[in-house]
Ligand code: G3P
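Below sits a lone chain in structure tokens, taken as the form predicted on its own.
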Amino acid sequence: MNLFFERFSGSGYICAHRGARSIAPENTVLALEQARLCGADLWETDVRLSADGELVLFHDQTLERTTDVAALETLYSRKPWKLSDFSFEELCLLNAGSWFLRDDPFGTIASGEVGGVDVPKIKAQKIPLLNETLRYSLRHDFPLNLEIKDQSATAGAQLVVDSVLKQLRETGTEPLVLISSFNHDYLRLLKQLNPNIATAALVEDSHPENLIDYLQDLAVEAYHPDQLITDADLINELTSKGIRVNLWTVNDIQRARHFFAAGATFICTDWPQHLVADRHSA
């Protein structure tokens, strides 16, 4: 068995999607800290390459949704603000927290779940380096589902897999990390370079044809389909073949219970604090 999944026997584990993003700005160190403190079993984040080859945590291709790039005159002219066009030094100029206070994307500020004591920390958030968060995860023994974003159309397309593997090796976090991607060519390359790395195939709109054969050919340990295209029968079929099934993004407690009962190893959720509380109350 792969070392990553040795710690996850059975089903019922809770993965904090982009960190605890309902109570902290997504893919920041604060979201990571909140995910651990609320009791999530692992956390999920996204990695991209900056223009100068630094691995950073960021979901979108462009910077405007979760930073203040539009307000900075020195960077404003660089529309459409693709992250891959900016150096890490330039990314460090951006604030990655204040948008959360402005938009209150999950209503947790209005509801009081995010209290005033958290505001200074939220305002201080920056785009973090992958290396920084890997070392945090190692320090706290907090497993990570790392999604490599598809960068096929960027200069970093050929570099990202090598760069991720190098950082895992240098930080000693290979057994702590599950790598997933919608770009399944990345997964093939990962297994060629390091067969011991745990990998998972992400899919959204539909399942690949001859799914079990396809996943076995990819040599992945897990399948990460959108919850909207997944049912209990599929979970049962795949788990009977030794393929773990992990769903995204499940924010409804009843659906989470349904998937766990069917045998899903973990679910990714924006509300890890609520699902952890539900587990404790069961």
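One rule holds for the numbers: they count along the sequence shown, beginning at 1. Keep in mind it's a predicted model, so treat the numbers as computed, not measured.
There is another form of the same protein, the form predicted in complex with this ligand; it is not shown, and what comes next is about it.
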Query raised in the report: Using 4.5 Å between non-hydrogen atoms, is D68 touching this ligand in the predicted complex?
Result: no
Query raised in the report: Taking 4.5 angstroms as the cut-off for heavy atoms, does H59 touch this ligand in the predicted complex?
Result: yes
Requested in this report: Give a yes or no for L202: in the predicted complex, does one of its heavy atoms lie within 4.5 Å of a heavy atom belonging to this ligand?
Outcome: yes
Report task. Answer yes if any heavy atom of D46 is within 4.5 Å of a heavy atom of this ligand in the predicted complex; otherwise answer no. Result -> yes
Query - Position in contact with this ligand when the complex is considered in the predicted complex, options F182, W99, F142, F88, heavy atoms within 4.5 Å - result: F182
Query raised in the report: Which among 145-153, 90-98, 118-126, 73-81 is in contact with this ligand in the predicted complex, heavy atoms within 4.5 angstroms?
Result: 145-153
Query - Sequence-ordered list of residues in 225-254 near this ligand in the predicted complex, where near means a heavy atom within 4.5 Å - result: W248
